[in-house]
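One chain is shown next in structure tokens, namely the form predicted on its own.
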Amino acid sequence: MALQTTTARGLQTGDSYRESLDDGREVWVDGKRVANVADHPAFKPAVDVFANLFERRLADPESQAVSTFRSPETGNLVSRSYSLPSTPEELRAKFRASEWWMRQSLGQLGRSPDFMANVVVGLWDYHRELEADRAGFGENAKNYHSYAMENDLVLTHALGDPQIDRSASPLDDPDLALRVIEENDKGIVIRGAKQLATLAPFSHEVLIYLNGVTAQRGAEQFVMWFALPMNAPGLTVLCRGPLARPDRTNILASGYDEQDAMLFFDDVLVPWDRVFLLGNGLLAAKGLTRINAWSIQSTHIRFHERLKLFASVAAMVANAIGVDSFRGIQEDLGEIISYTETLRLAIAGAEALATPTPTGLLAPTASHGLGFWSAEVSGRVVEIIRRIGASGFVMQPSEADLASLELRPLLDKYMHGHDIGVAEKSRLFRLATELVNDGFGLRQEMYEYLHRGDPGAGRTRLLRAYDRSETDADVHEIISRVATL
């Protein structure tokens, strides 16, 4: 039976989103099971951020015009992130919506709902190949796109196998990877674990579509693409420790700690209408690029917003301590801006060079090299800001210090900045510290480095796929002339 969309009402409201998370899901943090994600102190600030975004999308006419459209299937107002673009105008409108989502969070939410919605667009785009492999799976992919769009689902994915023993193979120890242990008339039964499901406690469903043994012969039991509600019986979500301080004075972590989680599947039933691929490792490997064609562009757009934030914070920190006129500092600030502008132009280029897919959608040109460049650039920008702020990122007064009548005269005299008071300087430096130096910043940098896949392996794939034939021929022609001289 196909997933139903006839009762769907389109866009979430803030309240409906909060209520939707109270669905009996099994979420654990700090050794305790969470009764209700939306009310838990570790999760409520981030839930409120997402709820407020949903409200802004409905209440602000300009935001609604950019980020939503009318479903061609039901007429519901739905997220434009789920749109299926077939013309340059539709593609531009789609990525204007991505720009809206990423700007709202200053590029801090790697799992902004826009990202996974674009993965589902890619899943729809691959439906013909899925259907040809096994009857019904392609239709499942199309139906799931409609279901996710009409219900305004917030999604996560979990792609990595658990880090138990990477020197061994799941073919020798099946607990090393998620696997199918049974097929029956209701669906597939799966057992194992997956990491890292960013946004898991705040999501409605999870998509699984990758593992480390996809293309190996004999690994068919480990190859599966499916979607599953987060409250599915037998699914346990283990979250890492929260990054926000109890006093909530770390602004970014308090609102943008999107959480990461391990998912444990204890003989979980995945109904057949939620299965998109099974057992075909080559088809899965081939499809990975196809289904991420739009989400990669969404990631570039998010990282551009993050770079813009870095550029502003770096300049403001330099000004706050009076070093912004130094030649070396100006070169550093200009370097950050050069990365920001390069990415802006590359994003525009990927969209301008869009090509039709086999199903007739229009997708940005492949830009994997840009993604691995971004991973390296992120680390360089962090290094620059750390050097500019130096020891100022280690020692700044807290809000309690600023409120102390005894301490404040000393702080005003010895901890103010260049044309900036101690309170504003302290808050600016603490914000910068969150970006580059504390637990939140370090987590964000690790995410940035690994989100697009291992850079080394990615560059190797680029080497194998890159077409040098035309230029190689030119080089051969040039060096062959030497023999005739």
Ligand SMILES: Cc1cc2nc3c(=O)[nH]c(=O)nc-3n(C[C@H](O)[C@H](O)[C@H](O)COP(=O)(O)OP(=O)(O)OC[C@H]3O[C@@H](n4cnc5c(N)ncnc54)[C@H](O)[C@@H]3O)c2cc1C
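Being a predicted model, the structure only gives us computed values, none of them experimental. Counting begins at 1, following the sequence as shown.
The same protein has a further form, the form predicted in complex with the named molecule, not shown here; the description that follows concerns it.
Colleague: Which among 230 to 238, 120 to 128, 367 to 375, 162 to 170 is in contact with the named molecule in the predicted complex, heavy atoms within 4.5 angstroms?
Modeller: Correct option: 162 to 170.
Colleague: At the 4.5 Å heavy atom threshold, is residue 447 in contact with the named molecule in the predicted complex?
Modeller: Judged by the heavy-atom cut-off of 4.5 Å, residue 447 is in contact with the named molecule in the predicted complex.
Colleague: At 4.5 Å between heavy atoms, is residue 198 in contact with the named molecule in the predicted complex?
Modeller: Close contact exists here: in the predicted complex, residue 198 approaches the named molecule to within 4.5 Å, heavy atoms only.
Colleague: Is residue 453 close enough to the named molecule in the predicted complex to count, meaning some heavy atom within 4.5 Å?
Modeller: Residue 453: yes, in contact with the named molecule in the predicted complex.
Colleague: Could you tell me if residue 158 has a non-hydrogen atom within 4.5 Å of the named molecule in the predicted complex?
Modeller: Heavy-atom contact with the named molecule at 4.5 Å: present for residue 158.
Colleague: So which of 332, 260, 205, 150 gets a non-hydrogen atom within 4.5 Å of the named molecule in the predicted complex?
Modeller: Comparing distances to the named molecule in the predicted complex, the residue within 4.5 Å is 260.
Colleague: Here the chain is shown alone; which of 304, 179, 111, 145 has a heavy atom within 4.5 Å of the named molecule in the predicted complex?
Modeller: Only one option qualifies, and that one is 111.
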